[in-house]
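Listed next as structure tokens is one chain, alone, in the form predicted on its own.
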Amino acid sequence: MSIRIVAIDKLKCEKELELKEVFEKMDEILRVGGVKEPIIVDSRFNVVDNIELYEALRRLGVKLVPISQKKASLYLSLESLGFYDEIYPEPLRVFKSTLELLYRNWPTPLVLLRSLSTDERRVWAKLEGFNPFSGSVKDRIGWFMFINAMKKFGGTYKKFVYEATSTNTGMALAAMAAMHGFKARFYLPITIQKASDVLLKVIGADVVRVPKQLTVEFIDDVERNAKRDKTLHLNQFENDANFEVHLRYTAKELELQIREAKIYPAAIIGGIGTSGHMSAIAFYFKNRFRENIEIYGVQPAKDHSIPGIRRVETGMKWIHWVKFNGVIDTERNEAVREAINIARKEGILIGLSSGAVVSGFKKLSSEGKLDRGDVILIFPDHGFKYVEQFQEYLQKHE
């Protein structure tokens, strides 16, 4: 059989590799912008060799792949393999289901922030608060973890999902559970705002408050409970779908937006929580832009708590697989203040992790690191959940 181009869905592969096992292959594909060899298959389209290539392309979200029954050299660009085909927004915004309202509504907006821009530097914000279920970037992982689990496990578990969450992932999974006839139970740390209980219960979830500070402190407890009750535990902190969805969608759509707006990004800045979205963005852009872009993470300062983000040393999976140019500390009051500043200068209500990103940007700017070019800020969520924190700040400072 000579080299053929076929839909990747036609191929069958008995062995599924772990994400870490195909990291270098994905790195290579993104750096060269294509593939240099075919996947080796038999007459029934079973993958028999170059499994690593198959798994890398599958995770990158291509629609087409080159196949052959023997090794060969070639070059096919990612674009020719349908690399961007998954990014197909509905132009007139008419959706056949609330599930489609999520992924057919992407890309989320990219907007110029005039209050932070200068003649030499433009600052853009990617508004993940436009996602429909939680008003946050976590809709992406809630959707992707859930649909992947349904494909893999089917009816193995009771129609019940448990998860440790600080709110947003819980809201996303509660929406997925509601649409698919599941029940949901979420375990929240004691430090999270009271409004979260109400929001999650409105969507139909059970809420359990845990007397601990961080969600990562009781993941093992949730896992034990899920095993005991034979329910699904997706575990956003370890589930590679968290990284993959941002690689296939968030980073890819951001590249298309950059092209459309003729943006030449010098830096991308975002908060780190599970580390999924910023690690995927770092991996993608460091490869696609050949290191000519700086990536910064933002974390809470020591002894400070900011909903949605946490310190690297509390334990994160994917951030240790990729290269960041730095991680900036910000205090809770700084995050709240900057969220309020954006509301008062730009008219949009952003969450506290987004305020932390603005604070991190300003600190880098004051050090002279971001004087020129385009800077992109990833705003993870909307501000509607944080009325308690805004009220507390205003009472103390105004």
Ligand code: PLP
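Remember, it's a predicted structure, so these values are computed and weren't measured experimentally. Don't overthink the numbering: it's just position in the shown sequence, from 1.
Just so you know, the form predicted in complex with pyridoxal-5'-phosphate (PLP) exists too; it's not on screen, but the next bit is about it.
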query = Given that pyridoxal-5'-phosphate (PLP) is left out here, which of 126, 140, 277, 252 has a heavy atom within 4.5 Å of it in the predicted complex?
reply = 277
ask   = Heavy atom within 4.5 Å of pyridoxal-5'-phosphate (PLP) in the predicted complex: which of 309, 222, 232, 241?
value = 309
query = Is residue 295 a contact residue for pyridoxal-5'-phosphate (PLP) in the predicted complex, using a 4.5 Å heavy atom cut-off?
reply = no
inquiry  = Taking pyridoxal-5'-phosphate (PLP) as it sits in the predicted complex, is residue 184 near enough to touch it, meaning that at least one heavy atom pair lies within 4.5 angstroms?
reply    = no
query = With the cut-off set at 4.5 Å between non-hydrogen atoms, does residue 166 touch pyridoxal-5'-phosphate (PLP) in the predicted complex?
reply = yes
query = Should residue 272 be counted as a contact of pyridoxal-5'-phosphate (PLP) in the predicted complex, where contact means heavy atoms within 4.5 Å?
reply = yes
Per-stretch contact check against pyridoxal-5'-phosphate (PLP) in the predicted complex, the hit in 72 to 80, 166 to 174, 281 to 289, 108 to 116 (non-hydrogen atom, 4.5 angstroms) = 166 to 174
note = Applying a 4.5 angstroms cut-off on non-hydrogen atoms, the residues of 354 to 388 near pyridoxal-5'-phosphate (PLP) in the predicted complex are 380, 381, 386
